[in-house]
Structures are given as C-alpha cells and as structure tokens.
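Okay, here we've got a single chain as structure tokens, the form predicted alone, with questions on binding and movement later.
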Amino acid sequence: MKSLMIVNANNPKILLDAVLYGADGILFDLAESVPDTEKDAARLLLAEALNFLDYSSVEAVVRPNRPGEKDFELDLLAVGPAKPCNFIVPAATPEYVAQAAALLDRVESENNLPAGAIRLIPSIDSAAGVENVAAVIAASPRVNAVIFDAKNFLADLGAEASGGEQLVYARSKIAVACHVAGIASLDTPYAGKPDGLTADAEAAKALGFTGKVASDGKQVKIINSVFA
C-alpha cells in the first residue's frame, strides 16, 4: 500500500467518492474528524457504507477513537462486522494492540468471520511508541503495517516542528522495525506547503518507508509516484 488517504467517516458524499482519487487505501476516520455528539451515527454510517458500497479496489482502513476511551470498543464492535481490511490502533502500545486483537477475536467469532481476517495497523505517535515499536509489532499476528504520526510524536516531545531532520531517528527506527518484521511502513501525513510534499515523501522513502498517508485527494498522485 503506497498511499492511504484520510476521509471523514461522517460524510456520506465523501464515503461515496473516496475510491475516485486513486489511493491504494482509504482511512475512514471515526476519531478526530467526528464530533463527540455524532460518534454513534458515524459508526452506523460507516458500517452501512462498508456493507453496501464497492470498496473492492482499495484497502478499507478504519481509525477508531483512542484506546482507553469508551468509543474505542464501540467502534470496533460496531464496524468490525462489516469486515474492513484493517483497524488502526491509535497511540499504540503492546497492551493496546493486544486489547484490539481480543476485540476482533470476539467480532469474528460472533459474526462467523474467518479468524484473523481483520488486520491491525498500530499508529506510533509518542517517544515511547518509537522506542518500543518492535514490541508493538510483535503484540499480535494481526499487525500488518505501522503508521508514523509525526504531529503527535513532536507534541509528546514538547518540540516544535522545524523540518524533516528532527524526524530522522523516529522514521528510521520505525522503518527498520517494519522491514525486519516484513510489514508495510506508512509515513506521517504531510502538512507543510504543497510544493514540499515530494521532497518529504522522498525523504521517508530514502529511510525505508514503503508508503505515506495522504491528508487529502490532491496528495495521492504525488505519493503514488514517489513510492511507485
């Protein structure tokens, strides 16, 4: 998966049009882009979309709310029966990955889905996550990729974003761990000036990343080209 495009799971039109941008995967966000008052409706809307719309040309990836929040379990139990390809594990730790895997065991058992059919993508977004990335990957055989979240990683460090150089260690640690495990590594969304995306993607690729998260459809073509 070279490109994974974020879309708001609470917008019916976006759900209809998501496959048109050419991304390898669609990241349906139930967390940051959905207000608290609309969480229940968003879960039901996404489950319905996954059941009735044709996403066969992409990998359907769901970003639930953070582990430890009540909506995390609700997200997996409500959307899991629609059998997305993957769930992200936000703020991933080995314990959170194991918790998500156990919930998916339950979803698959209760809905007659093949065991292990739904995979997990931990999101590494803290200093501890970077240092423990190998343990996070090893926490469940469901893990088939890792996402790096640079914005929250820098916030955890208390550092201001100042350029790609400050991310070299974290990127390298994640990319190497994923390579050793034989899984995909997806670099952080790019939030700078539009003309800097190519250089940012190339820097990630040079460190071993296999793809990148796109924050909108305009970024997909560039990301696909860099990671081709």
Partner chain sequence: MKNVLGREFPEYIEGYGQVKPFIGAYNSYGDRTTVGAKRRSVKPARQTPPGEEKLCQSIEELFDRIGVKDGMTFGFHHHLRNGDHVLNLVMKAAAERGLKDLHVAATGIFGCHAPLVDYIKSGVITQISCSYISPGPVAKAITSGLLQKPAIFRSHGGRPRAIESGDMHIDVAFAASPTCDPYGNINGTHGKSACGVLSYIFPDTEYADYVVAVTDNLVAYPAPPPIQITQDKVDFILVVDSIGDPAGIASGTTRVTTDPIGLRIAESAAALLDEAGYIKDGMSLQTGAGGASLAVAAFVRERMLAGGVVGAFGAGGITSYFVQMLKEGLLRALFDVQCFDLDSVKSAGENPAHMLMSGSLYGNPHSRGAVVNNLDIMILGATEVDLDFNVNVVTGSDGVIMGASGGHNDCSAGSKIAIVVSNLLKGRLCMVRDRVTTVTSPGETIDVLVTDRGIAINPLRTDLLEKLKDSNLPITDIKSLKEFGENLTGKPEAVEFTDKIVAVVEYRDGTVIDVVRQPK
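Positions refer to the first chain, counted from 1. Predicted model only: the values in this text are computed from it and were never measured.
The same protein has a further form, the form predicted together with the partner chain, not shown here; the description that follows concerns it.
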Answer with yes or no whether residue 217 is in contact with the partner chain in the model of the complex, where contact means some heavy atom within 4.5 Å. yes
Looking in the model of the complex, any heavy atom of residue 207 within 4.5 Å of the partner chain? no
Touches the partner chain in the model of the complex: residue 159 (any heavy atom, 4.5 Å): no
I'd like to check something about residue 53: if you look in the model of the complex, is any of its heavy atoms closer than or equal to 4.5 Å to a heavy atom of the partner chain? yes
For the three residues 67, 73 and 106, verify that every one has a non-hydrogen atom within 4.5 Å of the partner chain in the model of the complex; reply yes or no. no
What residues, if any, in 13 to 48 have a non-hydrogen atom within 4.5 angstroms of the partner chain in the model of the complex? 16, 17, 19, 20, 21, 22
